[in-house]
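Below you'll find only one chain, the form predicted alone, shown as structure tokens.
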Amino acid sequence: MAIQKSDSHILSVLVNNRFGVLARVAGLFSGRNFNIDSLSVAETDDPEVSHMTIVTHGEAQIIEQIEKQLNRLIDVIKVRDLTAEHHVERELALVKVDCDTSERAEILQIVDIFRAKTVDVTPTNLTIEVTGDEGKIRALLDMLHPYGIKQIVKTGKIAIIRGEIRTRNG
């Protein structure tokens, strides 16, 4: 359960699943010099609707302006700032770590402690999948750093409000 406390904001945006909607949303941000820290988009249980999780930052007045601008877009169904609400958020990261056979057991212990998964093994490296909040992923990366991280790929945040049943019209 997370409540954001910095100037970072998580916007939950339901949109019609149509060609060009993502480009219009991204264009809205770039056209007004707003930055998108992370963006995740996927179809919902209704194939005609997609859910966007947009992480951005700024003072309350700027976030309010972003919300108003998003609501003006034709294909936007609903915008909600989850930042001050109880929500669940997760990120996914794939981490490729240098490792020889002498270090493999140590690294696998760390992976196990963080409830991560090893998804690929070669003679010279491991690829690890970890899901969690930003703090968990950062902590795992800190533990793996001494072994030599070769590459990191992250999804950015996805988030959902806690406890409510969400419907298209609700």
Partner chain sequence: MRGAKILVESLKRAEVKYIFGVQGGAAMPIFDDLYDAEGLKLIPMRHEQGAAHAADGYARATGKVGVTLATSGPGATNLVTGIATAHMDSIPMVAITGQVPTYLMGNDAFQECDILGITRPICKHSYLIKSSDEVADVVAEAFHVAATGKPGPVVIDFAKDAQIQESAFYYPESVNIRSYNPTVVGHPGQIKKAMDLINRAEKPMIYAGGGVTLANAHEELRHFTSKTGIPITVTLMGLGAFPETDPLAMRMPGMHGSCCANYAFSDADLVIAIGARFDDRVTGNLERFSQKSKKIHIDIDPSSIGKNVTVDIPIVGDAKNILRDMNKLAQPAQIEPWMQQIREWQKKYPFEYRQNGDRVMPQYVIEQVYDLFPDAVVTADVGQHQMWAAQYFKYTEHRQWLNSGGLGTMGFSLPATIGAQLGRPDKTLVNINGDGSFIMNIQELVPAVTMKLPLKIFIINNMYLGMVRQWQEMFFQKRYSAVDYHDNPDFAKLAEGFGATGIRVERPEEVRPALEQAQKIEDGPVVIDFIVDEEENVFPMVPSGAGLDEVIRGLA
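Small disclaimer: the values here were computed from a predicted structure and weren't measured. Numbering follows the first chain given and starts at 1.
Only in words, not in the display: the form predicted in complex with the partner chain, which the text now covers.
*Asks:* Only one of these stretches, 63 to 71, 99 to 107, 138 to 146, 115 to 123, has heavy atoms within 4.5 Å of the partner chain in the predicted bound form; which one is it?
*Replies:* Looking at the other structure, the answer is 63 to 71.
*Asks:* Hey, in the predicted bound form, does residue 162 get a heavy atom within 4.5 angstroms of the partner chain?
*Replies:* No.
*Asks:* Quick one: does residue 153 come within 4.5 Å of the partner chain in the predicted bound form, counting heavy atoms only?
*Replies:* Output for residue 153 is no: heavy atoms all beyond 4.5 Å of the partner chain.
*Asks:* How about residue 37 - does it come within 4.5 Å of the partner chain in the predicted bound form, if we only consider non-hydrogen atoms?
*Replies:* Judged by the heavy-atom cut-off of 4.5 Å, residue 37 is well away from the partner chain in the predicted bound form.
*Asks:* Residue-level contact is defined here as any heavy atom of the residue lying within 4.5 Å of the partner chain in the predicted bound form; does residue 49 satisfy this criterion?
*Replies:* Yes - in the predicted bound form, heavy atoms of residue 49 and the partner chain come within 4.5 Å of each other.
*Asks:* Which residues within 87 to 118 place at least one heavy atom within 4.5 Å of the partner chain in the predicted bound form?
*Replies:* None of them.
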